[in-house]
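Just the one chain here, laid out as structure tokens, in the form predicted on its own.
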């Protein structure tokens, strides 16, 4: 039996209507906008460009932006699925009559929609995989996700511009008018269900960022579990520092214009200790508040004559890895909250949290809070 080729008129549900699609689009566009802006903030943290110097306050700034980034992306998933459901019959629409110009415009419109859909699905899929730290691909997640964000947001802006007359018309009348005799849910119900699904998805994942929701966030990849109540992304075993971090010959070396200082962990512990209440937040969207105790980095820098405006490189014991060292701008290096932490929640650092000492500074991505610190040098 030969099945007929469907056309857009083959799909007769009155729920699929531009008034529903436009309203879904506003919510989806809001999620994409939040994702894009907060993603830019995160990306700029990793750039060495001097034009962007991250602020040290509020101390929870990165925690907030990455939480919003991941949760707005998660909220976008059900909204995108429902929006695609509302418009997919258009895939089977015939080509317009009216000459080459009409064909060209229609072709460009469909091409922009194809790019938008492909980029949106790609961004949401790889972003979700990154949140779970699952990387079944060979490309760089950060560079590719960044490039994909520009493609998606560019295609979205073009799509809105092309569809602006339709959007205006759609918002010109109530969403549920012109429906035939009501035998089922209306478009408002579909819209409400999509928003409810987005809310449930956010609630099920928000515990990674919002401690009060950890009991109900059954899908959150990390909900505060880990040594000393703080999650761990990279363990000491994965970093290959199990032996070097426990080595009795460990020394922290600090270098600057006036020379070099070498300190054992015991000597670090004998220095004046300070406590900072700082969250640690990762690009995957999880974060946790914590109480860190240790030596102020600025006081160590004074011992080697570091000028107040000097950048500082902090180097880990780990031999390889993109974040085995990080450079602190002067505002972070000299902030009173910035520590070479020796203790977490009143206990010696767990090996997986960076024993013998680690960097902790306000409003910084977790991967840039260098663990197993062996060297501090003025750049």
Partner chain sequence: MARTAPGGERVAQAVVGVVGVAAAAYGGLLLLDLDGPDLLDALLWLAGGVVLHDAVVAPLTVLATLALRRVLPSRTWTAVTVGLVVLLTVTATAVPVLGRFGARPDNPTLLDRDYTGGWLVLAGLVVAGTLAWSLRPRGRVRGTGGTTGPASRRSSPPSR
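These numbers come from a predicted model, not from an experiment. Positions refer to the first chain, counted from 1.
The form predicted in complex with the partner chain is left out here; the points below concern that form.
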Exercise for review: Have a look at 293 to 301, 271 to 279, 125 to 133, 253 to 261 and name the one stretch with heavy atoms inside 4.5 Å of the partner chain in the predicted bound form.
Suggested key: 125 to 133
Revision key, fill the gap. The listed residue (71, 288, 241, 155) that reaches within 4.5 Å of the partner chain in the predicted bound form by any heavy atom is 155
Exercise for review: Mark residue 173 yes when one of its heavy atoms lies within 4.5 Å of a heavy atom of the partner chain in the predicted bound form, and no otherwise.
Suggested key: no
Review point. Might residue 205 be said to contact the partner chain in the predicted bound form, defining contact as any heavy atom within 4.5 Å?
Key: yes
Point to revise | Contact test in the predicted bound form: residue 185 vs the partner chain, heavy atoms, 4.5 Å | key: yes
Review point. Do residue 214 and the partner chain share at least one heavy atom pair within 4.5 Å in the predicted bound form?
Key: yes
Point to revise | Within 58 to 85, the residues that have a heavy atom no more than 4.5 Å from the partner chain in the predicted bound form | key: 74, 77, 78, 81, 82, 84, 85
